[in-house]
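Let's start with one chain on its own, the form predicted on its own, as structure tokens.
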Amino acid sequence: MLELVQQITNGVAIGSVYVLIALGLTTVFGILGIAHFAHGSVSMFGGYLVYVLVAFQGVSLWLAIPVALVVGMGVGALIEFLAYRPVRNANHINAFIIALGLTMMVEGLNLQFFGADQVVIPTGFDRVFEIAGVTIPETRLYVVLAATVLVIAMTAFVEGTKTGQAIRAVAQNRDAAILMGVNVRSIPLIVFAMSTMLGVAAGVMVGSLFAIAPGVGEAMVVKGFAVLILGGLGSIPGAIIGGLVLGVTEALAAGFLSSAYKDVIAFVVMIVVLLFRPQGLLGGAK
């Protein structure tokens, strides 16, 4: 029983990373209808940036993270403005091709600037807490707390601000939003900035918990889309539930079977869920 609780605790930490990746994807997809495949690679760029600032420039981790989040927001806005905006009214295949091209481009830039070696962000969080026999490394605890704060902040922004209301209006009916006086040209910039900020936070968590290396971003975006489908396309609560389900499933598979099968088991669970709920756990029935 204790081992089960331990693995679930581990899975919540991993699932928190998936939640942030999926939230960024579901925001862009649900509001703009864009499958932003480069999201994972841009997220890892944020992790690399924090690593360079902390390990080579001597910047405090607590300063490097906000700097990376702000840079990420700028990068996200630039991606929308330079890459996706020119094809907004074109066929969806154009945005699809651009997303694939961006993925290769950002992966190449990461490789060029940061090298091919695995890097781990030095955090200095070496303590291990023990609660009722369950061990919780300090880094994992901070990951869960940070993810919780970001999810609450994003929900408050979307639900409780005028900009959030405008974003929801565009997501529901773009033409009606225009008639209501919403500046629809600025909404995609805000959405991409928010999405990329969440992705950068996830990249920093990956770099702190595990390691950043070429290809990690692509794997993360695959899992992000899996969470997106599992939770229900465009559903923010679904992304949260789906991310935690995937993370806990992976941890249980790694703990009780083998880490070699954790991805297989997790995706089998996802397929089984979709057999009974094709719209996802919290997606609306069509």
Partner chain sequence: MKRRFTIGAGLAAAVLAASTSLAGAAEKELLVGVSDALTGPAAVYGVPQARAVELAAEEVNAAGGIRLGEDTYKITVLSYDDKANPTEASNSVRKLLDRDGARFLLGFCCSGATGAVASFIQNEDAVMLVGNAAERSITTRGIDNLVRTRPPADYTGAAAGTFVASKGHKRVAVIGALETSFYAMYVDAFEREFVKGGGEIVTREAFGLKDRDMTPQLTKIRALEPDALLVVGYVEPAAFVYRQSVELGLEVPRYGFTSGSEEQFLRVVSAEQMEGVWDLRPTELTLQSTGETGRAYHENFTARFGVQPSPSSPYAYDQLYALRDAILKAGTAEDAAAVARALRELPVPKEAVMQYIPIDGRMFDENGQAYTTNGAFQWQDGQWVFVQELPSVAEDYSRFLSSVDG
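Residue numbers count along the first chain shown, from 1. Computed from a prediction, not measured in an experiment: that's the story for all the values here.
The form predicted in complex with its partner chain exists for this protein as well; it is not shown, and the discussion that follows is about that form.
Remark: all three candidate residues (Q6, A254 and A260) come within 4.5 Å of its partner chain in the model of the complex, counting heavy atoms only. Only one of T135, T161, N173, N183 comes within 4.5 Å of its partner chain in the model of the complex through a heavy atom, and that residue is T135. With the partner omitted from this view, the residue of N94, Q118, T148, T155 that lies near its partner chain in the model of the complex is Q118 [heavy atom within 4.5 Å]. In the model of the complex, its partner chain lies farther than 4.5 Å from every heavy atom of A177. Using a 4.5 angstroms threshold between heavy atoms, V17 stays clear of its partner chain in the model of the complex. Put simply, L209 is close to its partner chain in the model of the complex: some heavy atom of it is within 4.5 Å. Interface membership of V128, defined by any non-hydrogen atom within 4.5 Å of its partner chain in the model of the complex, is confirmed. Partner proximity in the model of the complex, defined as non-hydrogen atoms within 4.5 angstroms of its partner chain, places exactly one of 54-62, 35-43, 246-254, 228-236 at the interface: 246-254.
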